[in-house]
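Here we start with a single chain on its own, the form predicted alone, put down as structure tokens.
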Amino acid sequence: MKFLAMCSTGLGSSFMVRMNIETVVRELGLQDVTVEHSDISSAGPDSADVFVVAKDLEDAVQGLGDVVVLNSIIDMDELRGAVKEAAARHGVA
């Protein structure tokens, strides 16, 4: 299973969210999970199983597939819940 954290440039906030997802994946003990980050324009439907973006970019990711929209990119509790739910949807738990 692959998570792809995205932001408009693929440099700052997506990298931070990627690191936070990796932390949550370790905390939850999830196996066979990869996490990458990217800018939105580089991502396509086959780029990942789950795409993670901030609320302000929600409209830009229509059609990518399984998208997690975060209300706050610094809220670890929100991210933990989103990662746990996404992992369950994809049979990784």
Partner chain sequence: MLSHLLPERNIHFTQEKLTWQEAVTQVARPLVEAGDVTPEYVRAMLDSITAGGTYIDLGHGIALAHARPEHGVVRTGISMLRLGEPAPLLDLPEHAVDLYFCFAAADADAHMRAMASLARILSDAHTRQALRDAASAPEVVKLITEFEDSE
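Quick caveat, the model's predicted, so the values are computed rather than measured. Positions refer to the first chain, counted from 1.
Omitted from view is the form predicted together with its partner chain, to which the following refers.
With respect to its partner chain in the predicted complex, the three residues D49, V69 and V92 uniformly fall beyond 4.5 angstroms at the level of their nearest heavy atom. Within this chain, V25 is remote from the site of its partner chain in the predicted complex, having no heavy atom within 4.5 Å. Interface residue remark: E58 is not counted as part of the site for its partner chain in the predicted complex, having no heavy atom within 4.5 Å. In the predicted complex, its partner chain sits within 4.5 Å of a heavy atom belonging to D75.
By the criterion of a heavy atom within 4.5 Å, G81 is excluded from the residues contacting its partner chain in the predicted complex.
Contacts between stretch 20-40 and its partner chain, counted in the predicted complex as any heavy atom lying within 4.5 Å, involve N20, H37, listed in sequence order.
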